[in-house]
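What follows is a single chain, given as structure tokens, in the form predicted alone.
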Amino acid sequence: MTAGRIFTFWFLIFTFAAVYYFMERAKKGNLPGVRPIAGLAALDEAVGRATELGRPVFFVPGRAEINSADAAQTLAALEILSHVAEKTAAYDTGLITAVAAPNTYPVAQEVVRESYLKVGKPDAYDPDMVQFYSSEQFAFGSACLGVMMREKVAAAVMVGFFQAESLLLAEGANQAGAISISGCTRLYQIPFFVVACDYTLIGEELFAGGAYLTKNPIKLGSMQGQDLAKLVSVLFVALGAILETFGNHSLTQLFKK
């Protein structure tokens, strides 16, 4: 085995074991508690507000391709889209989904269609609920602004991978008078969302969306196992820092194996 990878290998095995254990535990009914996440809890409020006003919900699942390095954010956004589409179907509320990546477009269409089918309203589904605008960054942003203003959207949900268009979209939602919920993992964009949106999912809160909204035992168990692995990592770092401070290099040597 390559030097410097032994400890990493065994820690990976520990992570897999923890995830498997908590998944099995959750499937037996021992669901872990999940702290309230304001941005996710506000989704129902946002759809309800749009229903009361008779105006549509605007959803943007980021700009990343479904097979790119940032696909995890897109997949997390599509899980949240599924929940929002179920609510708009149940309340007969308008939904506009803006897509920037060509290969995300058919997936988003299928997610929305399945959501309407799940609620028992397949006839209410319209393929135009999912629209492809442009793969060009600012052309996409401009198209979103135009739709938000023309349709006078009551709620704007912008979660996934974003770049410089983040503030453009957030300010557009504000100008349209919409309640805005955003989320991404890029440190460069999170500050723009925080100052310009009503609610923001920061970092891994985005990835917790599917488990938080669906209460799926497997997803909740997986999240709990990953959290345990992160906690152990933090403890290792803290213990290593203390030992190094007092001249003990044993833990550092262990990491190098």
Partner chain sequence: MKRELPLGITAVVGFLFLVQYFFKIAILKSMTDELTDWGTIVSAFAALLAAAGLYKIHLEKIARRKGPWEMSIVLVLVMTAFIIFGVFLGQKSAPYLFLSNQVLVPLSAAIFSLLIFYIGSAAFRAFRLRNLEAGLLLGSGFLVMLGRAPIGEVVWKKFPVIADWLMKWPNLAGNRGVLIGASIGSIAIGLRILVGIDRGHLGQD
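Positions refer to the first chain, counted from 1. If you're wondering where the values come from, they're calculated on a predicted model, not measured in any experiment.
There is another form of this protein, the form predicted in complex with its partner chain, and it is not shown here; the text below is about that form.
Contact annotation: residue 48 falls outside 4.5 Å of its partner chain in the predicted complex, judged by heavy atom distances. When its partner chain is considered in the predicted complex, residue 226 lines it closely, a heavy atom lying within 4.5 Å.
When contacts are judged by a 4.5 Å heavy atom cut-off, residue 92 does not count as touching its partner chain in the predicted complex. Put simply, residue 79 is close to its partner chain in the predicted complex: some heavy atom of it is within 4.5 Å. Shown without its partner, the chain has 218, 219, 222, 226, 229, 230, 233 in segment 212-244 as residues with a non-hydrogen atom within 4.5 angstroms of its partner chain in the predicted complex.
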